[in-house]
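Okay, so here's just one chain, in structure tokens, the form predicted alone.
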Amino acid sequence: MSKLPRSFRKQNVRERNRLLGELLELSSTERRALIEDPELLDLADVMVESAVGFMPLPLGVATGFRIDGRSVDIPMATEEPSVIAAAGYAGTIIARAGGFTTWADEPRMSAQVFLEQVPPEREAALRAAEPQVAEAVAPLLDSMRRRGGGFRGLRVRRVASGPAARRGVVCVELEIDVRDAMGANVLNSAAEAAAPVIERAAGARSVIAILTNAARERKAGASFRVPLSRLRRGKLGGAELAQRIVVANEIALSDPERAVTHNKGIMNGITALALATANDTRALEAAVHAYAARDGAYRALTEYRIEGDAVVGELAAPLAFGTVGGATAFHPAARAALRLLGDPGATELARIAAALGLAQNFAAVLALVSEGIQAGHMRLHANRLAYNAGARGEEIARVAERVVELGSFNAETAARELSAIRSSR
């Protein structure tokens, strides 16, 4: 049963922060992790309801990337060990071979109005209502139009199967160029403003008016080409490694359960960049996974093939990043992350994300088809064991090194080695 009082949400953020610490008997480390700084508590309070603080994530930087001829250092926020190291490792290999080439669609998103019991003969009237719809949403899109965006057109489609089809449901999609915004607020407002116009044209009632996060018209992609001579892991030469990578990807294209983990690895990078720049991770992940199942079967998002004396990797997915509006506009860590990237626009950020996701996947598959994934994971796990045992500062690396040497990855070993290091001083 909750210990929090019913009036908890009505307290101010500082009082909620204090109350939570007292009720849960938080340690000083736990209190500091929630962040007691008054300015940051105010920031939390304007970002979410019933705020009590922040749950900080480690923020790291994957270095060594070369994307479209430019050196890029990529900020990544993640709790998972080895993600940043793997990204940087793959990024460096690919940079030495010329780097990534990327592309992105124009930043077009869709707002949807769903209506029920629409007679087929009314669909033409809906298409003919495009000028009236454009007029209805124009005031909401003034700032986007000044930046080169705005309303781009209207599509009408009838839901073809299932209970909604039997109800005669029709979807009217408004296509809007949102420029550097992710665009959720303006898309939702546009859908609601257009709904009365669309209802009149259809002679039917609207049920839902909201954006779609599918972002099918807002894809980004990346590719690389690495000579086989630059691929070697242990006793495995480049030709054999490349062939194994191709086969591993074919498995992920054919087997949905393997594809889930394959694509999760891609999102290790993309989601970490989204978190670092305060983008909407849930919208991005929903769109990416829906795209992976676009033909009715869930598949890998990547393609690998051998061309002559090189292995080629490619990735494409919907990546609706934003660099203005939302939390990116005022979260200080997000602003710093964007500065590190050179203050990219939304389209450029999506291209960077595509390259990062492909690098993350390449590193994972390369490890899987050679020495396996666990060797690197366990080395980093040793650091956590050392920290939990009480090691701090330089002690962490020394204890972790001993844990790895002994091959005994448990709390007892870490505690024993820490004690030995301290007693030898």
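Note that residue numbering begins at 1 and tracks the sequence as displayed. Please read these numbers as outputs of a predicted model, since none were measured by experiment.
Although not depicted, the form predicted in complex with (R)-mevalonate (MEV) is the subject of the following passage.
*Asks:* Considering 302, 268, 110, 277, which brings a non-hydrogen atom within 4.5 Å of (R)-mevalonate (MEV) in the model of the complex?
*Replies:* The option sitting close enough to the partner is 268.
*Asks:* Have a look at 380, 368, 57, 47 for me and say which one sits with a heavy atom within 4.5 Å of (R)-mevalonate (MEV) in the model of the complex.
*Replies:* In short, 368.
*Asks:* Would you classify residue 229 as touching (R)-mevalonate (MEV) in the model of the complex, given a 4.5 Å non-hydrogen atom cut-off?
*Replies:* Although (R)-mevalonate (MEV) is absent here, residue 229 would stay clear of it in the model of the complex, with no heavy atoms inside 4.5 Å.
*Asks:* Should residue 80 be classed as touching (R)-mevalonate (MEV) in the model of the complex when contacts are defined as heavy atoms within 4.5 Å?
*Replies:* Heavy-atom contact with (R)-mevalonate (MEV) at 4.5 Å: present for residue 80.
*Asks:* Any of the heavy atoms of residue 216 lying within 4.5 Å of (R)-mevalonate (MEV) in the model of the complex?
*Replies:* No, residue 216 is distant from the partner.
*Asks:* Does residue 364 reach (R)-mevalonate (MEV) in the model of the complex, with heavy atoms at most 4.5 Å apart?
*Replies:* The answer is yes: residue 364 has a heavy atom within 4.5 Å of (R)-mevalonate (MEV).
*Asks:* Could you tell me which of 173-181, 330-338, 259-267, 159-167 sits within 4.5 Å of (R)-mevalonate (MEV) in the model of the complex, going by non-hydrogen atoms?
*Replies:* Looking at the other structure, the answer is 259-267.
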